[in-house]
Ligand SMILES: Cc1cc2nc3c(=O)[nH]c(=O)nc-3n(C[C@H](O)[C@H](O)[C@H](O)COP(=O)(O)OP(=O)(O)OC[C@H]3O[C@@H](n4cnc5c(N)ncnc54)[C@H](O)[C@@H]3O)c2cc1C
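So this first bit is one chain, no partners, the form predicted on its own, shown in structure tokens.
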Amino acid sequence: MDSQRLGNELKKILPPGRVLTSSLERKMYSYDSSFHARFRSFVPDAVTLPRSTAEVAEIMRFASNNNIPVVPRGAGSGETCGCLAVRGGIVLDLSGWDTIEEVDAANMQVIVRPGVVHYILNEHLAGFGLFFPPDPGSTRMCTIGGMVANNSSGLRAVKYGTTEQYVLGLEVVLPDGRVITTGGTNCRALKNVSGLNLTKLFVGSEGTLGVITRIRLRVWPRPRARGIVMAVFGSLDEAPAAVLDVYQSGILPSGIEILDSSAIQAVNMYKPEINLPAAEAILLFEVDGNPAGVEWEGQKIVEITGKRALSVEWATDSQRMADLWRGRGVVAVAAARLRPDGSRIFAGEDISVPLSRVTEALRRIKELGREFGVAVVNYGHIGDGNVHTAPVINLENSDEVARANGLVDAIHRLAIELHGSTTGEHGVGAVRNQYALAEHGEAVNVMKRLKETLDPGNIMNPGKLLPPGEE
């Protein structure tokens, strides 16, 4: 069905202003933040902007009857082509469906529609003394629907875990247009082990099983105090060892971040006023809770890390804490400063490895960078083994692009070799599905059977998550 005819059919379901079919409008939905999308054209045949479950259900029935692919999309901030129409079809732009329906403070939960932005949700919850703990670095743009679809985590996963641990129930429109509610149709309990756990099935499914249209989240009381320890290390090996020392002391920080020498250099070039100490590694430990407990834990971390670090600083002043976090906050952008003609690419950026092998992963990635002749910046969530890599290349140089692709493949294979995963939080999409068999083995066939059961026509976000050509 051509774009014009498809648009006309969709305008029978939605008002004309919420169906986009012009070439320019469709092209705006052909990319995300990924390196992969830059060199390919993933233009959808039509874009829809539904604002109710009934509208989504009707679009899905139409798509199912006509065997048209459907791709749910949030803010488009992903890095794996997960929200792109790699096989054409209809994009469902849910980013404008941003209603916070209810804050049920008495029951420690909130009900939202998928387009609610993470930062906006927490600003709203603050008025109730509550917060939604998972904290992706893209807090001011990523949507809750996207976080659920990708099981996002981020800076504070060490203590608070990932998104899946907060999803109590979902409203989902299945590929044939049926609407189901997981976690109990009228449930407001925090605990529920009745029936198969369908909620967990849809969390992290990246839009391949259905369209998430309503989300019931558990929320927590806001901590009354926070503090940050910055520890500077002359040897990269000492940083992961210090993290283990802190864990073995019985302390669980809310977050632990690492910047290696390449990241420190990039930050100082980008924002000289931050003036991070020159070193092989910097660790940032954040602790939160009640004021007395935060002070005790902070001082204890200073004592423990001081046995290995060149220097250690403890801060509870809000301005100083903001200054310390600022270096970590700008590193993704700062990476490109390593070379004047370079651009940071989002590829191979999200491996996860066992804590005991973080140092090995960081060193091996540096070696791979030298082998492929590609500048690399390393940083990430060391507290849970999630290493972020930022290759920097000249995008106009085809040879560099080819070498970068080789590096990225090697990084993904390294993660599996080290008994880790090709992705810790950014998802699989159309970028990492080629590694599914190597990572999951026979379990991939079970995933395929589940997909076939719920989506026999393979119209839900095809070309993602499962091995290419096998979904």
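Since the model is a prediction, treat every value here as computed from it, not as a measurement. From 1 onward, residues are counted along the sequence shown.
There is also a form predicted in complex with the named molecule; it is not shown, and the following applies to it.
Stretch in contact in the predicted complex with the named molecule, which is absent here, among 284 to 292, 265 to 273, 335 to 343, 208 to 216 (heavy atoms within 4.5 Å): After filtering at 4.5 Å, what remains is 208 to 216.
In the predicted complex, the one of 377, 358, 231, 94 near the named molecule [non-hydrogen atom within 4.5 angstroms]: Looking at 377, 358, 231, 94 one by one, just 94 meets the 4.5 Å heavy-atom criterion.
One residue of 152, 182, 254, 389 in contact with the named molecule, assessed in the predicted complex (non-hydrogen atom, 4.5 angstroms): Looking at the other structure, the residue within range turns out to be 152.
Heavy atom of residue 114 within 4.5 Å of the named molecule in the predicted complex: Residue-level check for residue 114: yes, a contact with the named molecule.
Contact test in the predicted complex: residue 88 vs the named molecule, heavy atoms, 4.5 Å: So residue 88 does not count as contacting the named molecule.
Interface membership of residue 79, the named molecule in the predicted complex, 4.5 Å heavy atom rule: Residue-level check for residue 79: yes, a contact with the named molecule.
Partner contact for residue 142 in the predicted complex: the named molecule, 4.5 angstroms, heavy atom: Contact check for residue 142: yes, within 4.5 Å of the named molecule in the predicted complex.
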